[in-house]
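This document starts with one chain, in the form predicted alone, laid out as structure tokens.
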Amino acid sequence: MASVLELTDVSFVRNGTRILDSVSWTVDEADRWVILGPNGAGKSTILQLAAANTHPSAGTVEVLGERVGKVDVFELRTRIGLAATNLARRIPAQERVGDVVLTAAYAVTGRWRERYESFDLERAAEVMEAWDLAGLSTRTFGTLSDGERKRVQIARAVMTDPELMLLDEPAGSLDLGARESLLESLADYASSELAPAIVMVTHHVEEIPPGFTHAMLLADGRITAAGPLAEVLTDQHLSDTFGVPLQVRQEAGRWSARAKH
């Protein structure tokens, strides 16, 4: 099975602080990974490296067969789907939802004078239908709820039919109903044979959609455990990673964790 993402002995230093320390990790094309860990563990930094939005301080990052630092990242990024909060901040509040999704074809935020083919328009309509956004196409991004904004970000990432999908806390800040609805959609997407490899960052095991296959646990910039979900999401691994005694349960494809008493 071909790998779509490979980190080899990667370290990342920012302002003298070591965010990642000697991380080695491989994602294959059929994998659905979740990355968990406490705040400051380095989760989002790994996602930014995978998105070719930054370079490692040491080690190598290969994305879709290309080494970051030796490839045209602007071309590489068109092959990667990314849904992240920092991207949402760049979307103009007055941009219509249909255009937020459509402009992914040019990897821009904010429609200007681009010309779109009929294929682009059809693809955008298809994606919005799949992510329950068809009725919001003429709404402006700034008027949407958090749950609706999350769906728009993911639909935008799906728009270009990426070879690697990266999701940074897609269920973060959502209420219970919006979270469960989004996770159901993500589970459907992850179960499709046409979906690309997926890497999702979250803080909570409760936000792991059914159908995900692997987990990586991070603490202090190092991997504490990585591999198939059932082997990684254990009481011991999660307790060591988060620094508190935890009890983990799995039921009907969903996970939960609480403190041991």
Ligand SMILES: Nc1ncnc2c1ncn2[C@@H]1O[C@H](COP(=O)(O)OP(=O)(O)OP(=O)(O)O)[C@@H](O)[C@H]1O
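Quick caveat, the model's predicted, so the values are computed rather than measured. From 1 onward, residues are counted along the sequence shown.
FYI, the form predicted in complex with the named molecule isn't displayed, but the following is about it.
> Pick from 34 to 42, 57 to 65, 232 to 240, 208 to 216: which stretch has a heavy atom within 4.5 Å of the named molecule in the predicted complex?
Stretch with heavy atoms near the partner: 34 to 42.
> From the list Glu95, Glu169, Asp120, Glu163, which entry has a heavy atom within 4.5 Å of the named molecule in the predicted complex?
Of the listed residues, the single hit is Glu169.
> Taking 4.5 angstroms as the cut-off for heavy atoms, does Ile19 touch the named molecule in the predicted complex?
Yes, Ile19 is a contact residue.
> Test of understanding: in the predicted complex, would Arg14 fall inside 4.5 Å of the named molecule by heavy atoms?
Output for Arg14 is yes: heavy atoms within 4.5 Å of the named molecule.
> Mind listing which residues of 178 to 210 have a heavy atom within 4.5 Å of the named molecule in the predicted complex?
Read in sequence order, the lone residue that approaches the named molecule (within 4.5 Å, in the predicted complex) is His203.
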